[in-house]
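Encoded as structure tokens, the following chain is the form predicted alone, with no partner shown.
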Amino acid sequence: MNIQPATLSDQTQIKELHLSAFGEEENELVAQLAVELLSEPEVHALVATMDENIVGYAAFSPVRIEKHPDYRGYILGPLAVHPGFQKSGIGSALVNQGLEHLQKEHTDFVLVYGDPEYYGRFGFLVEPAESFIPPFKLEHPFGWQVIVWNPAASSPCQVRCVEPLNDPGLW
């Protein structure tokens, strides 16, 4: 397996990956999001490949804090692994590589909206995320989590996302 930055030329495979990895009720929405994020200049998107086929994808999109524009934050999502390769460590490798990159870049915090049991193993926590007000009402508030590398960045604040994430249907 090889992990590398995603490019615009990966759009078709990334869309197909998300269509196969997510259920029918959300796969089109998440596939479109993944493709749109490729056009955002500050998004750190990664793909995992095997034999030149994309089998995994993770996007880390910048978020802004209204009261503290100098804080650097990101949100992880979407994360997808082809159904035939799930539970083989690809998702973990993508998350770990993305987090390592962001920490080296002096990122203050990383948010995620997902399963606490899965993301907790990377250090994401639910309780500190309560200080970060999401851009929309969450369908599953227990899934809002954060890793804080700069404690000063965790005072109560409103989170703003890149345009592709500004869809209430994603939250």
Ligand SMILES: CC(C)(COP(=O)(O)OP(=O)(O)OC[C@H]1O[C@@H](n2cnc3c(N)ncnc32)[C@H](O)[C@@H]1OP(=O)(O)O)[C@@H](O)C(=O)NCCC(=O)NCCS
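Start at 1 with the first residue shown and count on from there. Treat the numbers as computed from the prediction; the structure is a model and nothing was measured.
Not on display, but discussed next: the form predicted together with the ligand.
Annotated contact segment (heavy atom within 4.5 Å of the ligand in the model of the complex): 119-127, selected among 98-106, 119-127, 132-140, 35-43. Contact annotation: I75 falls outside 4.5 Å of the ligand in the model of the complex, judged by heavy atom distances.
In the model of the complex, W144 stays away from the ligand, with no heavy atom inside 4.5 Å.
Contact annotation: F22 falls within 4.5 Å of the ligand in the model of the complex, judged by heavy atom distances. Residue contact with the ligand in the model of the complex: E28 places no heavy atom within 4.5 Å of it. If you take 89-106 and check each residue for a heavy atom within 4.5 Å of the ligand in the model of the complex, you get G89, I90, G91, S92, in sequence order.
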